[in-house]
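Form predicted alone, single chain, as structure tokens, below.
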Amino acid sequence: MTTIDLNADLGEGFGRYRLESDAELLALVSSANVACGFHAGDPLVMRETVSRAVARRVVIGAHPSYPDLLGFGRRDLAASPEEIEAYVVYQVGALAAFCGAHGTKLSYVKPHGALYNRAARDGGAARAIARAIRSVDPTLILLGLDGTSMLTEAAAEGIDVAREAFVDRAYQPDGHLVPRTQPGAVLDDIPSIVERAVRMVTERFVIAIDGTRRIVRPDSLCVHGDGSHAVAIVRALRERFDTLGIDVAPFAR
């Protein structure tokens, strides 16, 4: 049987603000990338999200970012590798503590936003993230963009890696994501997204923004939890996968 993981970015509320979709998404996904306070989230939101994920038996991953609350972590910062390493240790360590307090274990790390995109291209940033993971818990898996330096550098540092693909983001011909500042970067046509995801899982390719095919080999598919159609997308994916006999299960056991 074909198996795929579904992950979503969760716990991205802050203070008095909450994303109402989180509870619904936790009933549908198999892995949760939990914000760690730098781009979103706070100690109470982190604790609440971990508690809900444990109740749903959803695997938990850390979603560290640049320290950029106002920009939601989507602005690139001129952070040095040493700073990036410290940022990631701080955030992953905090979420790992909340997991321990709820009788579970943090399973993986997926960088967020601009930090994710930088590490996909910048070997120094990728190595800094890998060193941070290793110093907190070398058994953690790095979840990152297939075919990029983020994964090759982490593997070279002795970190296990998993590959993800994005069902709601457009791809460039080189396999990187189209920047959000460009038209068509974020997808919202649910039937097209679902068929695109099926091709990713069963045929291992995605159509880039220029019409060319790009090979993808996903262990996990991502839906952005802050998107206005996130719940509808994941629900439609689950329904389509069920009809095709595709099992949804965590990539990290």
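Position 1 is the first residue in the sequence shown; the rest follow in order. In this text the structure is predicted, and so the values were computed from the model without any measurement.
Just so you know, the form predicted together with a further copy of the same chain exists too; it's not on screen, but the next bit is about it.
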Inset, instruction - Please determine, with the chain shown alone, which of 57-65, 194-202, 215-223, 31-39 has non-hydrogen atoms within 4.5 Å of a further copy of the same chain in the model of the complex. - result: 31-39
Inset, instruction - Answer yes if any heavy atom of residue 82 is within 4.5 Å of a heavy atom of a further copy of the same chain in the model of the complex; otherwise answer no. - result: yes
Inset, instruction - Find out whether any non-hydrogen atom of residue 123 is located within 4.5 angstroms of a further copy of the same chain in the model of the complex, and reply yes or no. - result: no
Legend entry - Residue contact check: residue 69 to a further copy of the same chain in the model of the complex, 4.5 Å heavy atom: yes
Legend entry - Residue contact check: residue 166 to a further copy of the same chain in the model of the complex, 4.5 Å heavy atom: no
Inset, instruction - Indicate whether the candidate residues 12, 90 and 101 are all in contact with a further copy of the same chain in the model of the complex, with contact defined as any heavy atom within 4.5 Å. - result: yes
Inset, instruction - May I ask you to choose, among 162, 170, 159, 94, the residue with a heavy atom within 4.5 Å of a further copy of the same chain in the model of the complex? - result: 94
Inset, instruction - Could you run down 117-139 and flag each residue that has a heavy atom within 4.5 Å of a further copy of the same chain in the model of the complex? - result: 135, 136
